[in-house]
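Just one chain is shown here, as structure tokens, and it is the form predicted on its own.
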Amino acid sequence: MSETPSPTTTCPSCGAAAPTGAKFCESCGTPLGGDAGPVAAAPAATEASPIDDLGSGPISAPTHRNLAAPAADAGPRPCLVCQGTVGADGYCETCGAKAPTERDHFRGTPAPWVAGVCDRGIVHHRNEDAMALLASDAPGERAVLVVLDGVSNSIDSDVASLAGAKAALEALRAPFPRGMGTPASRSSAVTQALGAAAAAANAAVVSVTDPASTNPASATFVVVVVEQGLLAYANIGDSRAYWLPDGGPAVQLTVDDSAAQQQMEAGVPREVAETSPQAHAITKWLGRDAPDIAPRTGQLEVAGPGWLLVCSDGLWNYASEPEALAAQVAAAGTAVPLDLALALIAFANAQGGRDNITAAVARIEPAATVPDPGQNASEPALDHQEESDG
């Protein structure tokens, strides 16, 4: 005689079945509410393309190809639920929660003034964001912050975003060329270097894409290079960069390639455009089927102190206006970059965490004299995936 199956509930994050009363999903570690009863599954997605993670595009099946294994960490990981120690079996020794994989949540601190956090969020079953960071030891001397957001209705976008972030960082490892010595020549050289980084990222995305795929991997792209008070930035898609000075107005540096941006340019108010059904439909992206990989670029000279923020839409979706993000930075109440990045991730997850979330920050302070970066920028603190050759 067959046994009567045990009552089960459904994990709202990954869809796996779990016994009724379970406190955590055995597959992904999402809290299930204990004895609170079954949790309803997330609503089914409807198709739209191209669209990024916060849109209605279906999440692709977890068909991982060539995903590098995480490198060994320097010490025990803290539990994201209670801050206890995660044991060798991947479970918290204090509260029993299953820790996310290092692909689902990772951090980088290449120098005390630069840090980033990349997190799966709450709703998605895997993390398709990626970041790569590089910074000199001297604050403000030189840093590179790269964020890619894999488009979740394309196959292997998690693999592609990692490959693209690493490739862009490598393309920008050396300081910008000086050009012919004139401001115009210098600006042109910077623009060319940023375009080359976008091309390198695109080539990397294409290289990990199955040539036979009818839904090839794709990703958005944003990078900011800090060099002695200069913020040089480039983007494709709707990942963004913001300058949040301690005094004066906050500024969104990048301009999205999206349906919402097109609506705003036609006169639709931001709050209306960014909450419309196609708000996160992107008009440019990296990938084999990309219509155009020339990034939007720009440069800003900064003289006073402030925060540089480079992020995916999993963060800015909950605070799009520069002033709103500046308010969240102020509310974090910290001058430590890693603590700020963690606070911004926590803020987005507290709002629902409907998408993967990446927040990379740099603390820019005024300096009387900053040495020429030359070739002395320190080695980058890549995320655990990107450090490994797999």
Partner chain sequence: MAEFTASVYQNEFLPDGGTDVNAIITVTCSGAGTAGQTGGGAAGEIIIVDTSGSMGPETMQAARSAAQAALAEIVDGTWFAVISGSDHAELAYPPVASGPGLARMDATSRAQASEAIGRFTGAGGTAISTWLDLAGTVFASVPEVTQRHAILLTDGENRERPGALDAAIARATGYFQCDCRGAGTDWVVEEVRRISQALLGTVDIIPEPAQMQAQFQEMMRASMARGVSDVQLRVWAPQGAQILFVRQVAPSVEDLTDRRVEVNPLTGGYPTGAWADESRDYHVGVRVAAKAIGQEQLAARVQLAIGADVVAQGLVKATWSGNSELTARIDQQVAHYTGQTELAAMIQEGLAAKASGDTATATTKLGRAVQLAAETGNDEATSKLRKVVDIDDEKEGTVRLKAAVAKADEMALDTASTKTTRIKK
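Positions refer to the first chain, counted from 1. Everything quoted here is computed from the prediction, not taken from an experiment.
Below: the form predicted in complex with the partner chain, not depicted.
Not displayed here, the partner chain is kept clear of residue 210 by more than 4.5 Å at the level of heavy atoms in the predicted bound form.
The closest heavy atom approach of residue 98 to the partner chain in the predicted bound form falls within 4.5 Å. Although the partner is absent from this view, residue 102 stays clear of the partner chain in the predicted bound form, with no non-hydrogen atom inside 4.5 angstroms. Within this chain, residue 188 is remote from the site of the partner chain in the predicted bound form, having no heavy atom within 4.5 Å. With the partner chain left out of view, the stretch that reaches within 4.5 Å of it through heavy atoms in the predicted bound form is, among 311-319, 139-147, 88-96, 232-240, 88-96. The partner is absent here; in the predicted bound form, the one residue of 302, 122, 203, 264 having a heavy atom within 4.5 Å of the partner chain is 122.
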